[in-house]
Ligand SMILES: Cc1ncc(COP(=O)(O)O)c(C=O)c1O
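A lone chain, given as structure tokens: the form predicted on its own.
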């Protein structure tokens, strides 16, 4: 399993951790220090190998040190990294066109992360209503267990008290129901937009029923609110289709995305219909680094590879295999494609013990463990995972 076993305690010594003292403590004690990666494996500074079923939290869709991504980075770095959005760049235009084709929407705005994408979508929804003369339509509705990011706006539509503690007052006009069934009544004539996730990743990897999501969409249409589908974690092939909403019959007005779009190079995007996108008039929103040539070049390479039907078929097949194998280890296995979760008695302990045995996972809640490997993972890697976890 391991290329090299550590001697003694796998945690870094105090001397080896010297530089982390100057990093803010919001991530807590991390213990492991990673130095390099290759494919579906990460290697720490001691040379120990880890099977990576976190993929940078569903980011590294093509794994680590992918040769085509590396080549694109090197070529673009030697050509043009940044020029600002004062000027067009062909890589941005190409990616916008490709995402429009894949989503069925018309235009794209580029930023640097998922939380920025959701922040922009909140602004877009409110400004769209404002320019339509509906100044009363400001409310943003989200779902129970949702996660949309950490900036103040996206945090305001993330109904988790532990994340919101100490940051009040949050953005006014944000609301959610205590249960999914009650969400319908929250969407009314004062609602600018309702945000949904097809699979609630940070909420425990729980897919939402297609019928429920369709009812939400119909309610938005009935009252004139926008439907925003947050594909930050589910997009770019993670669930076995390029976008997860394709599998549940939704027709979003706005899509937000990030994570897997550039395999670890920071990039986020907001996609919208022509009518909605027109609310972002010149000067109404912007991003210094958003859409820079380097990120766009890598994203184009990633999209070209992931959108291939054979690649997506691979995700579905290995995802089904992973789901079946996990049912022998834990309970309440749920998810789509290579985004799976399962219930264990103590998620934090389970993840820690897996890391000790060379497998990287993430806990999403007290009893839920998330499996989001690189999309290039093969069945033999799933077997390797199961063998370790079964111990």
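Model, not experiment: these values are computed from the prediction. Numbering follows the first chain given and starts at 1.
Below: the form predicted together with this ligand, not depicted.
| request: Only one of 149, 290, 264, 240 comes within 4.5 Å of this ligand in the predicted bound form by heavy atoms, so just point that one out. | output: So the residue touching this ligand in the predicted bound form, by this definition, is 149.
| Of the residues 107, 113, 89, 247, which one places a heavy atom within 4.5 Å of this ligand in the predicted bound form? | The residue from 107, 113, 89, 247 that makes the contact is 113.
| Is residue 269 close enough to touch this ligand in the predicted bound form, meaning at least one heavy atom pair within 4.5 Å? | Looking in the predicted bound form, residue contacts with this ligand do not include residue 269, since no heavy atom lies within 4.5 Å.
| message | Can you tell me if residue 202 lies within 4.5 angstroms of this ligand in the predicted bound form, counting non-hydrogen atoms only? | response | Output for residue 202 is yes: heavy atoms within 4.5 Å of this ligand.
| request: Please check if residue 232 has a heavy atom lying within 4.5 Å of any heavy atom of this ligand in the predicted bound form. | output: Although this ligand is absent here, residue 232 would touch it in the predicted bound form, with heavy atoms inside 4.5 Å.
| message | Within 4.5 Å, heavy atoms only: does residue 197 come near this ligand in the predicted bound form? | response | Result yes; residue 197 sits at the interface with this ligand in the predicted bound form.
| field | Interface stretch in the predicted bound form with this ligand - options 171-179, 113-121, 97-105, 71-79, non-hydrogen atom within 4.5 Å | value | Careful reading of the contacts points to 113-121.
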